Structure formats: C-alpha cells, structure tokens
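Read the single chain below, which is given as structure tokens and is the form predicted alone.
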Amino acid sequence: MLYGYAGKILRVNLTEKTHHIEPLPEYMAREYIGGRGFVAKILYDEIEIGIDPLGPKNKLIIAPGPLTGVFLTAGGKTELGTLSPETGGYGDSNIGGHIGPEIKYAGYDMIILEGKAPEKTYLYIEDNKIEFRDASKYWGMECMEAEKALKSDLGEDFQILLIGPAGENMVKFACISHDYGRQAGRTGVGAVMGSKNLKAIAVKGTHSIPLYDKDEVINIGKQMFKACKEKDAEAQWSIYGTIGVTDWCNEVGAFPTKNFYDGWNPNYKNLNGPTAREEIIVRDKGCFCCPIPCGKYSHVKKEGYDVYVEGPEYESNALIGGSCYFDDIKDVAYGNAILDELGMDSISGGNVIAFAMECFERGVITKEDTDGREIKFGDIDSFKYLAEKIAKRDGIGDLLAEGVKRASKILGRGSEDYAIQIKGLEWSGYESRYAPANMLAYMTCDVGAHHNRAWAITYDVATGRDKLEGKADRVIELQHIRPLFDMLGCCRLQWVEISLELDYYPRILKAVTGFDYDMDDLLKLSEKVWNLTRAFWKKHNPDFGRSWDYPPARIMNEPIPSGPAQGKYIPKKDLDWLLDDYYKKRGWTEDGIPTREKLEELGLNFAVKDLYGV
C-alpha cells in the first residue's frame, strides 16, 4: 500500500471520450515524490519529438503531491505541466487553492489529459464517476463568471479548474484559473487546455488519504502550525501578502519599471503594501490549510470601473504597476482584474503589454496597428485595449498573443533587444542587472525567466552585488530546495518568507508516506528532476544549449539609468563566467548539457540514450 497517495492515475482521452485508471507505480512515488516530479517524468516519457504544442498529441498533466490534502501547513499545492506552446520546452506551473486536495479526495494522484475533444467540453469528476459534458453554455465566459456558473450548476462542493477567453483563443501565455483568483499562470498551460476544447475540469471527492502514522502526522502538523504562528515575520506577511516586498525591491533598485528600462519607480509608495491595505484590500484569503493568508481580496472603485479581484500580489504589481508604469494601486488592481477575467498570466501579460507600450513609444507599433489610437505607459485605457485585443487575437493582439520573443522577431527594428524574456518566457518581477545570483537563476531556470525556482536576490544583497564568486553555489542550492516543495505538494512561503525550518519536511513526509528520507535524500531527488527537465529541453530542441540561457541585449548592454542601482549591469563576459561556474558545478558540459556521468549518477540512464545515442 502507498501511504499518502491515492494510488491511482486517471488517464483521459478527450478525442475518444474515454478514460481509464492506472495504478501509480511505487517507483514513481519513491523516486519522483509527486507534483513536479510526476509531471517531469510523464512529459519526458510520453511527449513525442516534433509535435505541435497546441496539437492533440500534446498532453496536460495535473499532479498534486503526497502532502497535498493532508491537514498540515499549506498542503494545497498542485503542479500542471505540458510541452510549452510559448517556449517549445519543458513547461509547468503551480497553483494553490483547493483543487489539489479535491483531486486526491476523488482518488487520484495525477490526471493525464490527452487528445482533443471534438466539441466544447468540460470534464466532470466525482470520485469514480467521470463524464464528458457539454461546455457550450460556458464557452466565451470570462473566468469568474464561468466559475460562478459551474458552481451554481454543480454545487459549491466542486472545485473547478477553467480557462477564459485567452485560453479558448490559445494565447500562448494563457493561464488556468481556480478559486476566483488563483492561477496556474506560467508557460501557457491555459493555451494547451484551450487547444483541447476543454473549458473546465470540475472535481468532487469523498475519499480519505491513507496515512502511514496518523498520530505522528497530527503531532508534527501541530508543531508546524505553532512554529509558523510564532515566527516574527508571520504578522507582516499575513497583513500585506507578497505585495509587501514592493518597497524593498524598489529601494534596492530591482523594481521593473517601463518594460525593465529601469529598476527604480518614483511612484512606488503609491503601489506598496500599506497603500494597498488602506485603499483597496477588503479581507485576507488563504489556500487550503494555510496559516499565513497571503491572498488579498480587494474592491477597486474609480471613475470608469468598479471590480473585485484577488490581488494584486507582488508579481502582478511589478509587471502591471511597475513595468507598465502606473502610479495608482487602483489602476494596478484593475489591470490585474482584467487579465484574471480574460484568463491571462499577469506576469507575461504585464510584460507583453509593457513591451507593446515601448514599441509604440519608439514607433515600431503605430496608430495604423492600433485602430488609430495612441498607446501610452501609465494609461489604463491603453492597458485594457491591448489586453482585450490579445485575448481575442484581434489585430495587433494576434501578434502580441505569441509572447514577446516571437512578436519581436516579427516586428524587428531592434525590438528584440527589449523583449524581456529567456527561452521565450517573459521575466517575472525582479530587475537583475545588479543581482548576479538572481540573474543566473533566471538564465538557468528550467521553464524560462521565472523567480520561483531560485529567488536569489536577497543573497546578492547580503553577500555583495558586485561579487560573482559563490553565486552559482547558492543558485544551485535554491534550485534544489524550492522546487522540492512543488514535488511535495505544499507551499514554500512558510520556509522562504517566515523561515520555517526545513527539517520539518522529511519528518512529515515520513509520517505521511513512511518514506524514510533525510533532507539530503530529498534534495538529491530534486536534483534528479532538475536534470531531467534540462534533458527534456535538449531532447526536443537539438540546438539547445548555452545560447538559450542568455538574456536580451537590454539586460546585457544597458546600465540601469537611475536609482540605487544606477549605472549597473552585468556584461556578457561576466554572464559567461557565471554560466561556466554553474555548469561545472552542475556536472554539465560547457554548453550546459547534463553529462552522461551526471545522468547516470542520478539514475537517469534512460535519458543518456536520447542525449548521447547509446
């Protein structure tokens, strides 16, 4: 018996409208743990080389972890993964809320979605009852309206994953929405769901999760909750959530401003946590079993709009408020609400719109492209116009829906230099030209330029921002710790933001599953998954290597023009030094490919044949 797991995989063929149940292999649980580990292994094994990411041969994997749904601190995380339509490489995104626990309670450790439904469909899952239902009633609805309608029709006990118009129209950075404001935002998972004619997945479960040692789970769980509540930082994070870091980011010159032209925003006091708390936040909102409700439910009312939204959290604030250059938290929150309703990742969405604003400012995009209207930084009407055009793939929106990398290649005229992306994924919210560890983390992140694998900027500030030595060591360490939470199926905020001790996690995993791993064992398994996702990139992109890890020219060549980091940037020779150091310590080639020896050391012998031919 597999404790901590439902023990079953639900495989759904949308083309044939069939499904079948597979047992979860014990080796999968022991060697890949769950969540992100399951996603990486299934994608590596089952995605054919050369397929269209938006074609029926791509797959969408939904996987909670062994700690998901267990009543311990923040055990509500779920991983969604696919061959990314935005990058052409390994893609995943993580979501909180309550969907992961419900999938476990319905009896599944993973849902594998294959094929393409012949008509607009939603998937109904109630324990062993699996049905393919007509979604035409909900098609075209924005996210909150559609979730409300589905819950009204099915009952409040159902947990819903769904897409909005952006996903339906296969915008390359469309997200999957849940719980009225939680999103699996990155890498275009919503576009893949839309490509399958799948509007929603509704799940209700009544099963329990078998525990190896129930009394010990209760004992350690209580310890974890108590420890969280006693941490000094708990109150601050509960009051402001992630938007509370806005001041710090701006004050170290890391707040992206005007499409990452700058790292300093003079309007930041209008966009920070205290301002949000005073002007828009109505109440706090947490995910499943969370002791630190970082979600903030806001009411935003101003001439021209009156909306409710979950947020903005820091990333939305940085990429909408900073990069699009707003000076009013209400406009930021309204922009957040627009993207949430349309079903668009607010990180990529903010980036793409900021890129379009700069293109217009430089004359690369003109009124001829925008229905005769002017596009300006800091203008909420410009933001709304572009967002709606993108979601509909209408006019200039059709180009921008491809993401900044593809759009800039088509637009040309030097726009590639300020298309802020790595591997095709737009940057999350940290200007890193004076943060070499964070820059290296972006460069080597296995989905593209994203902070969640290794948020290393605090290490830069603590150890010296002009220093390169030792930065690779810290990035590698973080790239094993942080993604481990995505394997376990719980939130990393308790460790990252309030310093809950890591020692709790092998203890609680043993109590739940019986797996007697220490922290070093778990970090080795996380390293295994990290190398597997890198191998996935190479398997599907023969020219993949060092050149894919570089940032755009703005980041390598243009000094930050103002603020605390004024005059700073990291030239290419220093980026190469960082990559050389990182690759060597990873056990990779000079081109950034896992060596045969490293793959064999980690038990990834099956990847050796794909990368080395024998």
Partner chain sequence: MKLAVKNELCSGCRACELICSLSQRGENNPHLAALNIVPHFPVPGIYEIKICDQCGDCAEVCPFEAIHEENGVYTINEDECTGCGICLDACPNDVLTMPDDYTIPIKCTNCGDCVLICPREAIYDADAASREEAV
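Computed from a prediction, not measured in an experiment: that's the story for all the values here. Positions refer to the first chain, counted from 1.
Beyond what is shown, the protein has a form predicted together with the partner chain; the following relates to that form.
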Candidate spot 41, 79 and 185, all three touching the partner chain in the predicted bound form (heavy atom, 4.5 Å): no
Residue (of 225, 212, 517, 305) lying close to the partner chain in the predicted bound form, criterion heavy atoms within 4.5 Å: 225
Residue (of 238, 275, 370, 242) lying close to the partner chain in the predicted bound form, criterion heavy atoms within 4.5 Å: 238
Which of 67-75, 395-403, 531-539, 377-385 sits within 4.5 Å of the partner chain in the predicted bound form, heavy atom basis: 67-75
Partner proximity in the predicted bound form: residue 293 to the partner chain, non-hydrogen atom cutoff 4.5 Å: yes
Contact of residue 136 with the partner chain in the predicted bound form (heavy atom, 4.5 Å): no
Any non-hydrogen atom of residue 98 within 4.5 angstroms of the partner chain in the predicted bound form: yes
Heavy atom of residue 156 within 4.5 Å of the partner chain in the predicted bound form: yes
Any residue of 264-289 that, in the predicted bound form, places a heavy atom within 4.5 Å of the partner chain: 283, 284, 285, 286, 287, 288, 289
